[in-house]
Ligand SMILES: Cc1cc2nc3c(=O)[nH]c(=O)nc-3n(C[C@H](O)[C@H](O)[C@H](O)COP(=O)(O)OP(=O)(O)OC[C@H]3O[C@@H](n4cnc5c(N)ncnc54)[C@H](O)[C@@H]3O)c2cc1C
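Only one chain is given next, in structure tokens, and it is the form predicted alone.
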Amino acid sequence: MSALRLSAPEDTSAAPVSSALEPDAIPGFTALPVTTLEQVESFGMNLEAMEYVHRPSTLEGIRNVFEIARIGGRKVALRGAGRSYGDASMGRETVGLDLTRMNRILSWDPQAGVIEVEPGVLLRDLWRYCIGDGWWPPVVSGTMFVTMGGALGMNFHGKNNYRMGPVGEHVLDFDLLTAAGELLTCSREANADLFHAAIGGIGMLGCFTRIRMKMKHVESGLLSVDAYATNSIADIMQKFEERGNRADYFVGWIDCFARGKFIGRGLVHEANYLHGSDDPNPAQTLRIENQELPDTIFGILPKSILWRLMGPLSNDLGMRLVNWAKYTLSSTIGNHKTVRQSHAAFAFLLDYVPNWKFVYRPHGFIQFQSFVPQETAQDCFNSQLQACHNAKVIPYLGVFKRHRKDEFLLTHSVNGYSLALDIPITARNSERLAKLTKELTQIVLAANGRFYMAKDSVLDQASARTYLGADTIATFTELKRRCDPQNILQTDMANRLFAGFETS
């Protein structure tokens, strides 16, 4: 097992499983016997936990889990599709509350573009339900296989964060079941403090049971996509500043193996909605079947086996070659080239190769994503890439985005940029990687940067408190006391970053 795998502090206050989860403790409750004990894993495959997993399909089922936890002194960890890269949805020996069966679409208004869903609805379900009526989610992540409850809990962002903000900005209201058993409707007018804290609150304040949000009207199922090769971090930032404010989406890829005067070189993609007569046949391009990602490469090779074929390249030498080839082809054949892509094809790059993460076996990988103000971003990201080269631990993928500030309490966003680095864990690099991530964290903090908890697996308590600030921690802790006085909702991430919430 990799030395980088993290574990939460032991919870010595928890009652024995046999006394906490008696079958007849609550009438109508389905017990969580030893047979419900499952090993859950982070998306990065670098962390794991044994949980007593319960998968309710109703609001009452969630209430029962919370009640059994209150009676038995157990902790509860909320989990959606398990797409967090670290331990945000994991808790050792907790009751794992898996919400994927609460996946109903409750209502849809195709005139107003307002949809109401349960928390287990996947982003894939959302866009498939609305696209035929000319609507698309205003903010999407790089994968469609996240739940909307998880999306709100982490307040995910997309390639248009600088224009549209995170997903929370498009939520009209939601129902939140607190661990104390109270069902609260939250909006910008009602329970506004809880609205802005539960969105992005990493599941520590309650469980979303109903979400109502506004979709984005689109006139075509296609986007116009332009590509630009760039030579450095400064060059990428210049492209964002020149064109980003006019583009509907903007995202950069970075070749992390490049060094010296080429450090930070990459490729930028700009995408824009089509309007009016730009698409001669929108009725067809808006159909679901014209949005679905293909199952094969060139109509021949099944994508399901593609990750296996990537194995020989899943090492430093192979990935150096892949990155070099991508940049070389992009800067020659693809530079300033315009193509049209479906919304799904442009948005969900992480879904093109099923099970792509398996190339990082057996030790997994981490993603280190930092958000840095515009004035310090260039130096900060150059320093991060140089630190990776100095440590001889090179990220296999780098993704660059533009951001704006938002209104949410535990926000990760800034008026600036983010850089996400996918870094493999190996038997040889684990100790160097642990030291590197500490160095990267200090570089970010020195630049007044922030972090995204959906991706994190390496921050410590001192770092979290530094970037969040004492006032934010105090406000969130007070809401925690109000909504969860017994401190039932707890995960390994919460233990790692906050060492538990004091409720006395």
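One-based numbering along the sequence shown. Every value quoted in this text rests on a predicted model; they were computed, and no experiment measured them.
The discussion below concerns the form predicted in complex with the ligand, not included here.
Highlighted residues 206, 350 and 452: every one comes within 4.5 Å of the ligand in the predicted bound form, counting any heavy atom. Taking a 4.5 Å heavy atom cutoff to the ligand in the predicted bound form, the contact residue among 223, 81, 171, 359 is 81. For the options 402, 157, 265, 343, the residue carrying a heavy atom within 4.5 angstroms of the ligand in the predicted bound form is 157. The ligand in the predicted bound form comes within 4.5 Å of a heavy atom belonging to residue 85.
Interface residue remark: residue 143 is counted as part of the site for the ligand in the predicted bound form, having a heavy atom within 4.5 Å. A residue is said to contact a partner when one of its heavy atoms sits within 4.5 Å of a partner heavy atom; residue 213 fails this definition for the ligand in the predicted bound form, lying far away. Interface membership of residue 202, defined by any non-hydrogen atom within 4.5 Å of the ligand in the predicted bound form, is confirmed. With the ligand omitted here, the record of contacts in the predicted bound form names 134 to 142 of 182 to 190, 134 to 142, 318 to 326, 213 to 221, defined by a heavy atom within 4.5 Å. Within 4.5 angstroms of the ligand in the predicted bound form, the stretch 416 to 449 places no non-hydrogen atom at all.
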